[in-house]
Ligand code: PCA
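Given next, in structure tokens, is a single chain: the form predicted on its own.
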């Protein structure tokens, strides 16, 4: 049986995060491709302008044959994992990105900016996962993660496939094995919607 193709992104270092688990997980899962999945990954820059543009090039380069799902990862400072259920049309964070910018007033890609949510029932996915340290969030943070989620959902809609943003804990809050295990389970569940 053919493996389900899944496109996954994570982020590189930024601010005090010298080793970003989101980019590390994306690279690791592309190398080992969990059973039943064929993961292709891309590490995005932590910039308001660059991340959506790199995401668009990555999705466009790998959209044929159509992947089963899109999954983007980002790190948050808390323990546990968050399935994000809403993306804002504009960044709201006052934090500076790696290019020294606060927010981004333009749109580095061709998508229409609007309030967006995944095309599937995030609560049902959460219930299917049945993991104690995975929760649902309605606030993706307003930083580059939120901005990428906005663009990711637009690409998912265009390709008519599920798209999701997952916030993962930092390395000091979870072991590498647990980070890979939970993300693999989310990826499987997403690809099987």
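Since the model is a prediction, treat every value here as computed from it, not as a measurement. Residue numbers count along the first chain shown, from 1.
Just so it is clear, the following notes concern the form predicted together with this ligand, a form of the same protein that is not shown.
**Q** Name the single residue among 75, 87, 71, 83 that comes within 4.5 Å of this ligand in the predicted complex, judging by heavy atoms.
**A** Contact with this ligand in the predicted complex is made by 75 alone.
**Q** May I ask you to state whether residue 163 is within 4.5 Å of this ligand in the predicted complex, using heavy atom distances?
**A** Residue-level check for residue 163: no, no contact with this ligand.
**Q** If you check in the predicted complex, is residue 11 within 4.5 Å of this ligand, heavy atoms only?
**A** Contact check for residue 11: yes, within 4.5 Å of this ligand in the predicted complex.
**Q** Examine residue 20 and determine whether its closest non-hydrogen atom to this ligand in the predicted complex is within 4.5 angstroms.
**A** Although this ligand is absent here, residue 20 would touch it in the predicted complex, with heavy atoms inside 4.5 Å.
**Q** Verify the contact flag for residue 26: yes if a non-hydrogen atom of it lies within 4.5 Å of a non-hydrogen atom of this ligand in the predicted complex, no if not.
**A** No, residue 26 sits far enough from this ligand in the predicted complex that none of its heavy atoms falls within 4.5 Å.
**Q** With the distance limit set at 4.5 angstroms and only heavy atoms considered, check whether 46, 145 and 167 all reach this ligand in the predicted complex.
**A** Yes, all three are in contact.
**Q** If we take heavy atoms and a 4.5 Å cut-off, which stretch out of 136-144, 26-34, 54-62, 123-131 is in contact with this ligand in the predicted complex?
**A** Selected range: 136-144.
**Q** Residue by residue through 76-95, tell me which have a non-hydrogen atom within 4.5 angstroms of this ligand in the predicted complex.
**A** Result: empty, none.
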